[in-house]
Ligand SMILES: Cc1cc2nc3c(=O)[nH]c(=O)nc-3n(C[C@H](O)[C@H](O)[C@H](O)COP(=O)(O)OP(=O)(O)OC[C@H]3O[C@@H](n4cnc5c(N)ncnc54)[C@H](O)[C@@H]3O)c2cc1C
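Just one chain is shown here, as structure tokens, and it is the form predicted on its own.
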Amino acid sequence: MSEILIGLFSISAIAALLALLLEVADRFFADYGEKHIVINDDKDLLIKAGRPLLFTLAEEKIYIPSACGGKGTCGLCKVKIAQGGGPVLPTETPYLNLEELADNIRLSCQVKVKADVQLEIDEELFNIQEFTVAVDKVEPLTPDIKYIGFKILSPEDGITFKAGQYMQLEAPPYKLSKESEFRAYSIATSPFEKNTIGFMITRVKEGVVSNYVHDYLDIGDTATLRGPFGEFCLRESDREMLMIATGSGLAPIYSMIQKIYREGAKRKITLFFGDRKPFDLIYHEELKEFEQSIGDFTYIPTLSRTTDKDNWSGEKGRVTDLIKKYIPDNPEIDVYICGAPAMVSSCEELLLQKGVPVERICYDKFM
């Protein structure tokens, strides 16, 4: 048995090495020359071929949504490629359903431009901008989460976005990365603020951008943002709202709440916010004050790892426990959920069981 395992390991190692060598050879020795990228049968770009489509388009100031920085793990950078995409790769298939495969939908970060390409993208993506910003606020929110506030330096007219959307933040080359990398972070500030913007950024182990933010980014430093992206936004409705968040998933929810009450809307809102310990509850005091000053807002935090030493008298457990406890069957509500994928899926399943129509459940899964 041990010989078989050793043999399988050796074959896997050789295959991995060959794949790496092919990638290196393709990157440094293959010359695909210049190719055309035709977008929406209208825009014709002449580009130097050889790089993934996502980055090639970015060089032309066309920014496709991506949360993972082109690592092939978020599945957001989908485009329709009518010609020149090559075969669908195994790295794409987990993020594409049968209908998308039949419609020639591809992950632009996985499609390397080696031939002329014809593709279709949403016209709104031509309006995505690149912003130069300067750090004007750094605030530790929890041991793992920092608030980073930026002043918009350019364009001079600031930024326009919808509450719930996200931006891509660039980390320059440093000890964890030999090249610039982008990651997506939801906007935490009010959309009424045109010249400033802020984010709640969780440190991720070995995360290139999050560690750069936590360890290097400081007041006065400049950075690059791209966006805004995303469709996790408030919908037109008069129904009561249930908002559910964990950790830095509070960011887009917080932006939505600010917008609603800044506009003077009278919609009733309940916020379920979950984390592990009392010190993990972002903006806990601010949300309590918000609840006292606004009659239609109810804030219910819950902790999953509290002990007697924490002196916590509030709800205990996960946000799913709050759904079971507080949400009746067939409620007339709109739901907005943001946090880790497993949490979002669990909440959605429970709400569907409660009789909430799927079209009234809007979510953003933090990757």
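The first residue of the shown sequence is 1; numbering continues from there. This one's a predicted model, so the numbers in the text were calculated from it and none came from an experiment.
There is another form of the same protein, the form predicted together with this ligand; it is not shown, and what comes next is about it.
> Which listed residue (S190, T270, T142, S210) meets the criterion of a heavy atom within 4.5 Å of this ligand in the predicted bound form?
Here the answer is residue option S210.
> Using the partner position in the predicted bound form, report whether I257 sits within 4.5 Å of this ligand, counting heavy atoms only.
No.
> Is V204 a contact residue for this ligand in the predicted bound form, using a 4.5 Å heavy atom cut-off?
Close contact exists here: in the predicted bound form, V204 approaches this ligand to within 4.5 Å, heavy atoms only.
> Residue-level contact is defined here as any heavy atom of the residue lying within 4.5 Å of this ligand in the predicted bound form; does Y166 satisfy this criterion?
Yes - in the predicted bound form, heavy atoms of Y166 and this ligand come within 4.5 Å of each other.
> Spell out, yes or no, whether the shortest heavy atom distance between V335 and this ligand in the predicted bound form is within 4.5 Å.
Residue-level check for V335: no, no contact with this ligand.
> Which among 287 to 295, 262 to 270, 218 to 226, 247 to 255 is in contact with this ligand in the predicted bound form, heavy atoms within 4.5 angstroms?
Result of the contact check: 247 to 255.
> Just to make sure I understand: among 161 to 200, which residues lie within 4.5 Å of this ligand in the predicted bound form, judging by heavy atoms?
Contacts from 161 to 200: Y166, R183, A184, Y185, S186, M200.
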